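Quick setup: one chain, the form predicted on its own, written in structure tokens, and binding and motion questions come after.
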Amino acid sequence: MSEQPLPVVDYMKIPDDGDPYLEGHKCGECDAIFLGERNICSKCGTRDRMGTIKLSTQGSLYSYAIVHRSFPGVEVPYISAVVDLDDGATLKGNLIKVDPDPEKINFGMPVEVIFADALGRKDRDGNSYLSYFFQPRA
């Protein structure tokens, strides 16, 4: 069992001596940003010009769905969101600290990325996980 929580996705980095962050891959030719490691840009087709970048923690809500049915043990309703980060990356995650009511959710609303416990879940080895969420910017 790890004493430090594990990241829920491979593009979340948890350095020993700093704060967690999300890592993207940026094309050196067209500046497109993607999640997950790659050698070829799927926007312009350039090969071997992808470099890692630390993604922005600020963005705006592009789209969302209020989820009313999910896997057993997952509390509903929750807001599944797609966010355009300020650096050009697009990311999916859960929007928290907002009532799951369309009257209270605005497209384009400014949000920030936060890192928190992955809802208390642990794997069979007892490891805990760190996840990322979106919340409205103050």
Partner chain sequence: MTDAYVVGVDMIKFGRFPEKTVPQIGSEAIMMALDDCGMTIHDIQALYSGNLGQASGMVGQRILHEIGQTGIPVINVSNACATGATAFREAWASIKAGLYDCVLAVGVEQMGRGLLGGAGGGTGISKEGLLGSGTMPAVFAEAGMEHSNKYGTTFEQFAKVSVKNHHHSTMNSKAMYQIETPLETVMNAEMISYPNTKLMCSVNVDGSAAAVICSEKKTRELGLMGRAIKVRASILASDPWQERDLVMPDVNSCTRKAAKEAYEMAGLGAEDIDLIELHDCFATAEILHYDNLGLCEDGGAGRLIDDGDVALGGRIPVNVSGGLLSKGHPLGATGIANIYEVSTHLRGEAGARQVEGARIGLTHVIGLGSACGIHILEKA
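The shown structure was predicted, so the numbers you read here are calculated from the model rather than taken from an experiment. Residue numbers count along the first chain shown, from 1.
FYI, the form predicted in complex with its partner chain isn't displayed, but the following is about it.
*Asks:* So in the predicted bound form, is its partner chain close enough to Glu112 to count as touching (4.5 Å, heavy atoms)?
*Replies:* Flag for Glu112 set to no.
*Asks:* Answer for Thr52 alone: is it within 4.5 Å of its partner chain in the predicted bound form, judged on heavy atom distances?
*Replies:* No, no contact at 4.5 Å.
*Asks:* Using heavy atoms and a 4.5 Å limit, would one call Arg121 a contact residue for its partner chain in the predicted bound form?
*Replies:* Close contact exists here: in the predicted bound form, Arg121 approaches its partner chain to within 4.5 Å, heavy atoms only.
*Asks:* Indicate whether its partner chain has at least one heavy atom within 4.5 Å of a heavy atom of Leu35 in the predicted bound form.
*Replies:* Yes, Leu35 is a contact residue.
*Asks:* At 4.5 Å, heavy atom to heavy atom, what parts of 101 to 138 sit next to its partner chain in the predicted bound form? List them in sequence order, or say none.
*Replies:* The stretch touches the partner through Pro102, Phe107, Ala118, Leu119, Arg121, Lys122, Asp123, Tyr129, Ser131, Tyr132, Phe133.
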